[in-house]
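Next up is one chain by itself, shown in structure tokens, the form predicted alone.
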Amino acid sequence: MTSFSNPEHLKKLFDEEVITFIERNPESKRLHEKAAGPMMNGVPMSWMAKWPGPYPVYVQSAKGAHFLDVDGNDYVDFCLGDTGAMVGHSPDASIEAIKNRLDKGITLMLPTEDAAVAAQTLADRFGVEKWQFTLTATDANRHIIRYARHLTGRKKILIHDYCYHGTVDETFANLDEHGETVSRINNIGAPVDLNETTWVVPFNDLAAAEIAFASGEVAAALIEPAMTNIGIVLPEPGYLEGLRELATKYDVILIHDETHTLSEGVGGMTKRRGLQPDAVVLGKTIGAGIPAGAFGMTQELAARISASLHLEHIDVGGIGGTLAGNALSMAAVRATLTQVLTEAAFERMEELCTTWTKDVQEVIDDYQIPWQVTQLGCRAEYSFRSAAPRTGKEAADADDFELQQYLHLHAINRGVLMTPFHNMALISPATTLEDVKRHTEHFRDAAKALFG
């Protein structure tokens, strides 16, 4: 149920947008009805059913910051595959490297030079020296968690309340009203009691983190340096540095999942803020759309791992996979990191994101809307609360699904795509000022319809 002050008005506006959507997208409707036969909910992956409107838009082609749907409608894409295409759709340098690799072998179970170049680039940017590659950030998170348990002999992982780290089982936990770790209500088929594997603490709460670390039960802390999947929640001054001190004090392995917070620059928040994790996880963005993930470790951590393993058994221990580090992914990662995700590109992306943020704030101020907007490098998001959230729960409590669906459908009908799970915009190297202003026009029109 929406918390919007006039739910009848919101429903009327949404129903009008549905009519417009159907009129604009007859070919997408035809293709969706055809797909409903062989696919559950008519989509190849369940999340795609969450788009607003009666069916998703079907894409004909995508390049840079735009895509064209099968009905001939042009869109500015601020979703960008929910970070998977943060470099823009099919950047020329990455595509050239991918094409060149296709004729030379895709997956070999042997290394290529591209992997070493990619690893060295990541080591230089993030300050952790030893890297391994996977197909997803979820895989990378699982692998480093296994290593942490192996080294420490402890079984629990510390996470933040309302975090998201892919489909890692240990992370689908929340705090209940008594401060106890419990399974999320939307945790599908949980394999074990989350209280056995996980210790949940609020973001920005060093006292809670120390209690967890001091228990002697925590092997690793898996964190985003800023929360992004429940809305952007920024760290308060000293919080990340305090976690580092506590992790060192209690011999807990500190893992930064920078899959989304890479938006702050070539070395993510780790480099920009001078942070010193034991491990860093990356995914999605680094392969320009080709499945790829990575995790980096300090020299010390990598040495501890290597010394504790026997070569004879490393292929059956739950780390790695036959497609991980494949030649095609490595070609894509090398080209994307060295030719697309450059310092100059990030500077321009952040500048445009600052304009996006200022425009949203101006509309909020003009209509005296009790919302706020937060920026994290080239990523920004507005939320339905008057002040920036400091914890995941504060961000979650401000969510309003019906209001969000209206805003997203309003945007789609005006050629603007936002990520379906947030009010979030991501700026790519190909995004232009005109693209940003198209969003501003949509947002102002929607605010006028809601509050004018």
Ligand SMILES: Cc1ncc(COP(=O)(O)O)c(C=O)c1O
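Don't overthink the numbering: it's just position in the shown sequence, from 1. Keep in mind the model is a prediction, meaning the values are calculated, not measured.
Same protein, other form: the form predicted together with the ligand, not shown, and the subject of what follows.
J.: Report the residue, out of Asn73, Asn229, Asn204, Gln375, that has at least one non-hydrogen atom within 4.5 angstroms of the ligand in the model of the complex.
T.: In short, Asn229.
J.: For the chain seen here without its partner, which of 134-142, 105-113, 182-190, 316-324 has a heavy atom within 4.5 Å of the ligand in the model of the complex?
T.: Flagged stretch: 134-142.
J.: If we define contact as a non-hydrogen atom of the residue within 4.5 angstroms of the partner, is Gly166 a contact of the ligand in the model of the complex?
T.: Answer yes; at least one heavy atom of Gly166 falls within 4.5 Å of the ligand in the model of the complex.
J.: Does His160 reach the ligand in the model of the complex if we count a contact as any heavy atom within 4.5 Å?
T.: No, no contact at 4.5 Å.
J.: Does the ligand get within 4.5 angstroms of any non-hydrogen atom of Asp278 in the model of the complex?
T.: The answer is no: Asp278 has no heavy atom within 4.5 Å of the ligand.
J.: Taking heavy atoms and a 4.5 Å cut-off, does Arg334 contact the ligand in the model of the complex?
T.: No, Arg334 stays farther than 4.5 Å from the ligand in the model of the complex.
J.: Would you mind checking 273-306 for residues with a heavy atom within 4.5 Å of the ligand in the model of the complex?
T.: The stretch 273-306, when checked against the ligand in the model of the complex, contributes only Lys284 at the 4.5 Å heavy-atom cut-off.
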